[in-house]
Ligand SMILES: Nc1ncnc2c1ncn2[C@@H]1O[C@H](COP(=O)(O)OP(=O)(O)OP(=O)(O)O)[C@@H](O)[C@H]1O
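Consider the single chain below, provided in structure tokens and representing the form predicted on its own.
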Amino acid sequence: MNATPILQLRKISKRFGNIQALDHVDFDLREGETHALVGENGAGKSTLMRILSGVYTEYDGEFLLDGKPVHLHSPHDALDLGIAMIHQELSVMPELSVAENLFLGRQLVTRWGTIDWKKMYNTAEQELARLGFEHLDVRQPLGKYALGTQQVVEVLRTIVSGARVIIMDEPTSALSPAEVERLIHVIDKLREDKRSIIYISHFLEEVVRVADRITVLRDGQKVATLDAAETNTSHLVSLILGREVNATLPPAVTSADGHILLEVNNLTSDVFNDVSFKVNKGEVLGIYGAIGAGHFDLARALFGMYRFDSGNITVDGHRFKPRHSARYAIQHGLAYAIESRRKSLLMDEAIYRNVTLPHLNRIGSLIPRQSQELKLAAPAIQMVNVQPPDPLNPVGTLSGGNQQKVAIARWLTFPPKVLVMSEPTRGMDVGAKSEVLSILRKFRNDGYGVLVVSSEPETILTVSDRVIVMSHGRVVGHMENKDLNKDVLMRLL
């Protein structure tokens, strides 16, 4: 590996209003190197990479490529200079063939200007075989193949386009353990070809394994750049959090004795494996994991929105059907508020309509009248203190915190036995977070069960009685929330 940087960022600073997102950050990348970038959410990783990929064009500092100053004006400029970013959400076209995805936007053509299908198929087969994927039929739709294979095709597309610097943002977040291994094999091959990779991930064991060097950001500042061979996950956690971590993990626990409202046994799918836990009456169980740990898909599986292959779900003694629906889950006492408020709420509709939406079949008339819906929704809206409280206001006019209150209120009209909440406080200010978590605590205190699923350690630690930690689809820790802190949660990832 050449020790001379091909890319350098010097004293990079970036502000958003009163927020200093980056403060005089230095970063460099060498030829044939995998350089990992780690830090908590909000540390500045994404901002730095958006500068590097041409998304953010206004900043202070210096950007050098091959020792020469450059200033990108768009992502297209970055691609022209050989810098490509692979986002966490893949940009492949599942309905198109493997070969078409590989050459998306850069199709090979004959001298007559028509697409040269033969050359495209042959080149695609050769490039994939070089990475150990010779079994793929490049004529088949890419959507036929697993997510890990789609990830490899997107990586290879950047290579075919001429990229020599590849930014990978949480590349293993949705991959199975076997797919992670295949992607690491691909990264090793890319290094042999002298491609340079910036690797962003919350999975610290994976970072130490795959990286040559690791840069830590905290609160918009560079903390350190380390050789991966000379550090470990505990040291990285200390640098990320800014304090020494306790080397002793708390003892594991099983579910406390009590009236079990939710019991999950050996639940297994393509993204989580052998997950078991219980939620008791009057208890909040928190499930924590980095993005891609499998906990969000687990929550969807409980509600019938994600398929699981084996295991069972029982709510208050009633075992769910293996292929149950969301309606079935609601009928048998389990409710679910997804992590995206904008996907769960009808932004143009009134508050009361959003509250009554899952319960229209219970109101009693074929076409519910506004007066009936308002009567049903009003107590729940008042209970969660939506501001402003006018039930006729469109949900889209509310703040993020008040939208989340509406998402909770819809389940208070006919309270479930167990309420599952994914990322209940994402994107909220401190005051709104406190209000929402208080609502969940009251729900617990009223004798219901609450399951909170989050990648925000503060949320999990604030509201949970017990905590489960998931990593790469498996439960890796189960503890009482007694003297727990972020150190412990992050070390288990």
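In this text, residue numbers run from 1 along the sequence as written. Since the model is a prediction, treat every value here as computed from it, not as a measurement.
Although it is not shown, the form predicted together with this ligand is what the next lines describe.
One stretch from 58-66, 463-471, 450-458, 35-43 that, in the predicted bound form, holds residues within 4.5 Å of this ligand by heavy atom: Looking at the partner contacts, the answer comes out as 35-43.
D297, E154, E170, E179 - the one with a heavy atom within 4.5 Å of this ligand in the predicted bound form: Residue within 4.5 Å of the partner: E170.
Residue (of V315, A228, I187, L398) lying close to this ligand in the predicted bound form, criterion heavy atoms within 4.5 Å: Of the candidates V315, A228, I187, L398, L398 is the one lying within 4.5 Å of this ligand in the predicted bound form.
4.5 angstroms heavy atom contact with this ligand in the predicted bound form for G113: Heavy-atom contact with this ligand at 4.5 Å: absent for G113.
Non-hydrogen atom contact R410 with this ligand in the predicted bound form at 4.5 angstroms: So R410 does not count as contacting this ligand.
Contact test in the predicted bound form: S53 vs this ligand, heavy atoms, 4.5 Å: Judged by the heavy-atom cut-off of 4.5 Å, S53 is well away from this ligand in the predicted bound form.
Touches this ligand in the predicted bound form: S422 (any heavy atom, 4.5 Å): No, S422 is distant from the partner.
Complete contact of T356, L360 and F414 with this ligand in the predicted bound form (any heavy atom, 4.5 Å): Zero of three within 4.5 Å in the predicted bound form.
In the predicted bound form, residues of 14-40 near this ligand [heavy atom within 4.5 Å]: Those in contact are F16, I19, A21, E40.
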